[in-house]
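Taking the form predicted alone, here's one chain by itself in structure tokens.
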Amino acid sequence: MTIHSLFILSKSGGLIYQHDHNQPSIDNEKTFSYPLELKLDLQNRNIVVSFGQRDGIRVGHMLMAVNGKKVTGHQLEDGREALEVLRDEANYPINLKFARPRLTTNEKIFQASMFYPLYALACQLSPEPRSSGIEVLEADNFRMNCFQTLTGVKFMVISDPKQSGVDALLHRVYELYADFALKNPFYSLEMPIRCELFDEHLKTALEQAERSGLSNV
């Protein structure tokens, strides 16, 4: 069982803390013949698949290595241009490694801000007054649990659907937030949380939750 990440949103919906705990690595390595059946383009300084798919390699996946040589940006580690290597028929058959790109900080902020109106909408759609909003959202391969405090701060955990003890974990994270953020004289409400002690205790709580379903946290 796995806990993937944790988000903390302020009462106004801004992302004030995010931690990637155990993100799955989705890598696909295949040998291709000429001509290459995938269309690759340079986007945001990275080479990504813009058209076509094969064996789990999909649009948006990023080129990570060519024949075992790491790709950084648009160049191989030996300095050659990756796209030029892929255009040369003499280099085929060629082994390519792709991976799903990691979210940037700006993308995480955008995603967190999108949850705030969804949470408010769920409260309004509820047939019962004073709804608690979205508490659990479950998909085939992940589950999102949300806990909102009385002051409107939201704690969200993304985990494996079979992970147990997540509700207790959210309350434990709230305790850590109160102890190491709110009691910090240098911390201002609504601002990003930057506290090493909070980071350390949070990682310990997440690890214990994964091992024992929070029985020892």
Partner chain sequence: MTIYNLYIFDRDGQMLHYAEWVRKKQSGMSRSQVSPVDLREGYLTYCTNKYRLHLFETPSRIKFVLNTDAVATGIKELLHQIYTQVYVEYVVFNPMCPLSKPIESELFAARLDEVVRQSPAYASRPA
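In this text the structure is predicted, and so the values were computed from the model without any measurement. Heads up, when I say rigid core I mean the largest set of C-alphas that superpose within 1.5 Å between the two forms. Positions refer to the first chain, counted from 1.
FYI, the form predicted together with its partner chain isn't displayed, but the following is about it.
**OP:** Could you spot which one of Asn106, Asn95, Ser126, Asn91 gets a heavy atom to within 4.5 Å of its partner chain in the predicted complex?
**Re:** Looking at Asn106, Asn95, Ser126, Asn91 one by one, just Ser126 meets the 4.5 Å heavy-atom criterion.
Subject >> Partner contact for Lys69 in the predicted complex: its partner chain, 4.5 angstroms, heavy atom >> reply: Judged by the heavy-atom cut-off of 4.5 Å, Lys69 is well away from its partner chain in the predicted complex.
Subject >> Contact label in the predicted complex: Phe147 to its partner chain, heavy atom within 4.5 Å >> reply: Judged by the heavy-atom cut-off of 4.5 Å, Phe147 is well away from its partner chain in the predicted complex.
Original post:
Would Ile158 sit within 4.5 Å of its partner chain in the predicted complex, counting heavy atoms only?
Top reply: Flag for Ile158 set to yes.
Original post:
Just to confirm, Arg100 within 4.5 Å of its partner chain in the predicted complex by heavy atoms?
Top reply: So Arg100 counts as contacting its partner chain.
**OP:** Heavy atoms, 4.5 Å, its partner chain in the predicted complex: which of 174 to 182, 147 to 155, 36 to 44, 56 to 64 makes the cut? Say which one.
**Re:** Contact-bearing stretch, as computed: 56 to 64.
Original post:
Would you say all of Val48, Gly73 and Val85 touch its partner chain in the predicted complex, counting a heavy atom within 4.5 Å as a touch?
Top reply: No, none of Val48, Gly73 and Val85 comes within 4.5 Å of its partner chain in the predicted complex.
Original post:
What residues in 137 to 156 sit within 4.5 Å of its partner chain in the predicted complex, counting heavy atoms only?
Top reply: Those in contact are Leu137, Glu138, Ala139, Asp140, Asn141, Phe142.
Original post:
Quick one: once the rigid core is lined up, does Ala168 have its C-alpha move by 2 Å or more between the shown form and the other one?
Top reply: Where the cores coincide, Ala168 shows only a C-alpha shift between the shown form and the other one that is less than 2 Å.
Original post:
Rigid core fitted, then: does Gln43 show a CA shift of 2 angstroms or greater between the shown form and the other one?
Top reply: Where the cores coincide, Gln43 still shows a C-alpha shift between the shown form and the other one that is 2 Å or more.
Original post:
If we fit on the core, is the Cα of Asp140 displaced 2 Å or more between the shown form and the other one?
Top reply: Superposed on the core, Asp140 moves its C-alpha less than 2 Å between the shown form and the other one.
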